[in-house]
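Before any questions on how it binds or moves, here is one chain, the form predicted alone, in structure tokens.
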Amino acid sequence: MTIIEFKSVTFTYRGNDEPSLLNVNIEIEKGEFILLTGPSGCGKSTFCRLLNGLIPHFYGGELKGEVTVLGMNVKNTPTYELARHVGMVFQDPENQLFLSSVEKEIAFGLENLGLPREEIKNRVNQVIKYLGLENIREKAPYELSGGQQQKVAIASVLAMQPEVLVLDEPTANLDPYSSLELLNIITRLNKELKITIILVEHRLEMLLDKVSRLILMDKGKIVVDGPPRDVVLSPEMKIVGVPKVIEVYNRLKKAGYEIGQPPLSPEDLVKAVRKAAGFHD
């Protein structure tokens, strides 16, 4: 079931001569976990802003073509309506968190929807439990670590029960451990709650084995789109840098060592090499 569709979409910000998106055509199915990557300035954030109506309602410019999300045309749908269905988490969670406690932060969006008090309480408790935030629920967001703040930002969006979750470089300011923890949470949301995830990220090796689809953008266009194992072998990967595990795979292949299909993580690579060498786990 297609829930997001871009038809010949071109967008140029006001004051710019060059479009940030150029003739983008794409369909996204319910339940997909998409990794969107590409060099800085390639149009990734613009793509994301179209999904929840920030473009064209808040960012001025010229939008050509049509974007539909869950049957709603973003040009004609108010952002508050899109926000019920599309949750957005940004690179810097401090820009999203401004209340005096984690609990109040999570409840804020629900109160704006005018939900009954009991429903708000239930949803807040559910999300806090699901993301393991019990020990920080009374803390102020500014007291938290970057990883905790990012979890709270996700929790406040998750409480709205969106069908689509868009994350624009959520690990950019996190250390490797916090990044991995956050990416594992996002993977759980996709697998257990069947939320469609669109994740903009540069740390490919932490995600290749988790996502169902890898999209590479450059100069406002989608240049490759497909299953991760296919995309990582495409010549266009040099635009963002070939993942280390694929570099090793290519070197082994060139030297005459066949280890099967391309590995998507260091663990995959070790297993494949051990198996090819005759070791059995």
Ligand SMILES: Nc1ncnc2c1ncn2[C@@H]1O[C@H](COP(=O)(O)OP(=O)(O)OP(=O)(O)O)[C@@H](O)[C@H]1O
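Quick caveat: nothing in here was measured; it's all calculated off a predicted structure. Quick note: we count residues from 1 along the sequence shown, nothing fancier.
Absent from the display: the form predicted together with the ligand. The rest refers to it.
Heavy atom within 4.5 Å of the ligand in the predicted complex - the one residue of Gly41, Gly226, Gly61, Gly65 that qualifies: For this set of options, the contacting one is Gly41.
Selected contact from Lys75, His202, Lys104, Lys121, since only one has a non-hydrogen atom within 4.5 angstroms of the ligand in the predicted complex: So the residue touching the ligand in the predicted complex, by this definition, is His202.
Glu32, Gln126 and Tyr130 all contacting the ligand in the predicted complex, non-hydrogen atom within 4.5 Å: Heavy-atom distance to the ligand in the predicted complex: none of the three under 4.5 Å.
Listed range touching the ligand, judged in the predicted complex by heavy atoms within 4.5 Å, from 252-260, 235-243, 44-52, 24-32: This holds for exactly one stretch, 44-52.
Glu169, heavy atom within 4.5 angstroms of the ligand in the predicted complex: Glu169: contacts the ligand in the predicted complex.
Contacts with the ligand in the predicted complex, stretch 222-260 (heavy atom within 4.5 Å): The stretch does not touch the partner at all.
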